[in-house]
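The data below hold one chain only, encoded as structure tokens and taken in the form predicted alone.
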Amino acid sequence: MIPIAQVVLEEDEIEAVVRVLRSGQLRQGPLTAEFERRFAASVGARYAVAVSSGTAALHVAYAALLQPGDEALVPAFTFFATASMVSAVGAKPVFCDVDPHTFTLDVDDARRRMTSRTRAIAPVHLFGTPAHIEEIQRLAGEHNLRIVWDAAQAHGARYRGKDIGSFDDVVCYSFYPTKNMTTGEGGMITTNDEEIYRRCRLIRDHGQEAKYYHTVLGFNYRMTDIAAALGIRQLQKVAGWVQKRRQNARYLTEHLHDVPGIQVPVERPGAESSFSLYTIALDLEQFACDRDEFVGRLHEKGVGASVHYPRPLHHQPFYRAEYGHLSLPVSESLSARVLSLPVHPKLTQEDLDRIVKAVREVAEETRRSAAR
């Protein structure tokens, strides 16, 4: 089976972690501070705050910018944490539909859903594809909204030559093992605003301005130096891995774009995806199977396809009672039609050819069934 994701760990990374273990300095310390400095420099941001997970990064960012009762515009087609951490700070996620081509926030739909209580917008660079950055910035500027960019899947993505981690107000990353780089678990917040940076650092560490002197409500979201040691090494290599992901994605697109019934990923002018995932959408009217059967057939052929995401957020059990009545047709449709193919940097040319062959075969097999 060609796996959907594969962690890249080399001897220098293992040795870096072992050195920390032998030092006894396991908690947040000098290596975490070094990782923050290096990460900020790598994306072109003034500040970075390392935390224990991508979810923690979102929680801290929302806590720094929102008050209970505020509203934040959130795409309905994304991972649960983008919205749940809005709820965690006592604010209200307002679910918006997504662009049917990029799968990122539909800015026009977000504009229609604004109210007098809207204080923030939380676009997601989904699967590594940059959201509609200029349009989002324009909307935020017109209505004095804070922007929390969810870049959990977008390490190395760029827009008009700039790394997506350099944009205001806050950018949140995840270092979960399936991401473009990993610290095992971990996350990072980048910002150019000194006050936001100060608040995020406080919230990360129990709201302490000094030891046992707590000025705001905070949490224990500190990163360990064990994770930071791994992150420093991974950061030195992630650009090369992203380049390989882009090469793999180009090959898949070149060999799948002409398959009837399959929509391959698109990149808008100026946007460079980091391809955390290579996600296609099926035109189910052209196939005699649903998406899940299509995935199952790929598995039978040794291709580890997966689904991101099978249910829009307003249909999740936690949110369904309040939001289930919403009509978000693109998010609902995509949830039934998308599947992700392997694109990670460990793929060989033989792997890529097997993936292409399997997708084309499954598409043809199910189409022939439809013809009968």
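Residues carry their position along the shown sequence, with the first being 1. Fair warning: this is a prediction, and the values are worked out from it, not measured in the lab.
Separately, the form predicted together with a small molecule exists; it is not shown, and the next lines address it.
- Proximity to the small molecule in the predicted complex, taken as heavy atoms within 4.5 Å, picks out 145-153 from the listed stretches 227-235, 280-288, 264-272, 145-153.
- Note on the partner interface in the predicted complex: the residue among Thr104, Thr191, Asn248, Thr82 having a heavy atom within 4.5 angstroms of the small molecule is Thr82.
- At the 4.5 Å threshold, heavy atoms of Ser306 stay clear of the small molecule in the predicted complex, well away from it.
- Mapping the unseen interface onto this chain, Val124 counts among the residues with a heavy atom inside 4.5 Å of the small molecule in the predicted complex.
- In the predicted complex, the small molecule lies within 4.5 Å of some heavy atom of Leu58.
- Among heavy atoms of Lys179, some come within 4.5 Å of the small molecule in the predicted complex.
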